[in-house]
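Only one chain is shown below, in structure tokens, and it's the form predicted alone.
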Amino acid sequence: MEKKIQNGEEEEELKGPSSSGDGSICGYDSLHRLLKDNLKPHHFQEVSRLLTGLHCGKALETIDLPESVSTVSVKHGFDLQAFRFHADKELLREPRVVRVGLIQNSIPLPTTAHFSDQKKAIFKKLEPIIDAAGASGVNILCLQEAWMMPFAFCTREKRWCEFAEPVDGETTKFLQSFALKYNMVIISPILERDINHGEVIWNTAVVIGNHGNIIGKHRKNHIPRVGDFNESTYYMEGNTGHPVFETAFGKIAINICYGRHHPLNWLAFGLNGAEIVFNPSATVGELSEPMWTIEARNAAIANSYFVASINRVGTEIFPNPFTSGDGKPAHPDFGHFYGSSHVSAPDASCTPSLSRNRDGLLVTDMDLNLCRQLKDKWGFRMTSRYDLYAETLAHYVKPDFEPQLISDPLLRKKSL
């Protein structure tokens, strides 16, 4: 923290996204906790109303989880939060409540450790958190992007490809037992090696059914080419379209990481009938944090579905420094993965975020009836002009496309 002089007065100025260097915000592990501890109760209530919205006209309810789950969270040091989204009572449909769990975690071993040891340590670290989700009655659990390895895709070193595995490989087998044990659907984002197609590598989310079966997979649609995140060294844009998976607990889709910056990507999942779209991610503070909750909430509002956003947490140091090619010095890390996993609802409300610098489990009840209720209320599907959008896009993708631009005829006339 530095001090500067302005208008004769001394004031503090923060350097970077954290004043303490540990990923916290002025010593607090989330913005929500910083505000709650430093504002008067009535001020905090109003600030929360503006930041996280009101759900059905009220503040979001918390859920009391079993004491055994709280005990596990304290023992293993992970943040534990739980909330409930309601829907209006309907006369012709029963409530359709699904309990969703999101896990964010740091890597337990340094990236210099043997790859096998790194993967085993991650599995061991997540076991109690997955068990806590199961003991909490979670129906659908989602892990973070490429959770089974360090996020090495921007080092541009090919040796990290050793972590890639088939859809039915070691990581999926590890999770299938939990899915079966807890009657839980699990979304597992991995680095996939496509054995049947020349061992091509993909950034893939595997959907494991609540009977331990593999329902299907989705490959990341949009690959970043920004800063250190130039991931096309490892995999290209996915070829699975915008699938929605019908599970025992609802229709779900996965918009992997960078796809959240593309509104049409969100739209396509909605057009295919998604009720919950998961966004497993790996993103750092200086690059995307101001966008993090805004994009998710906008997607939930515009498409009348729930959005579950999961981000990695921690700073991962790699053995060989790398550069972004921007003239800045080489560095051994991408920056701090700021966690802050949360859920956004179609009525513009959202949960507080998990910790910015600790592992965490977020449990959220959501009544999926809210999706159709918001469609009926706002009529976005009814009032959208897909025919006009389709016509514009059809022209845009042609080589001879010209923008529909009407210029003022006097714009380029010379003044007399």
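Residues carry their position along the shown sequence, with the first being 1. Keep in mind it's a predicted model, so treat the numbers as computed, not measured.
One more form of this protein should be noted, the form predicted together with a small molecule, which is absent from this view; the next part is about it.
Contact check at 4.5 Å (heavy atoms) against the small molecule in the predicted complex: none of 119, 147 and 208 pass.
Exactly one of the stretches 188-196, 156-164, 250-258, 131-139 approaches the small molecule in the predicted complex with heavy atoms within 4.5 Å, and it is 250-258. Residue 313 falls outside the set of residues with a heavy atom inside 4.5 Å of the small molecule in the predicted complex. In the predicted complex, residue 282 approaches the small molecule with a heavy atom inside 4.5 Å. In the predicted complex, the small molecule lies farther than 4.5 Å from every heavy atom of residue 266. Remark: residue 178 does not count among the residues lining the small molecule in the predicted complex, judged by a heavy atom distance of 4.5 Å or less. The partner is absent here, but in the predicted complex a heavy atom of 224, alone among 212, 243, 224, 108, sits within 4.5 Å of the small molecule.
Checking 293, 73, 288, 183 for any heavy atom within 4.5 Å of the small molecule in the predicted complex turns up a single hit: 288.
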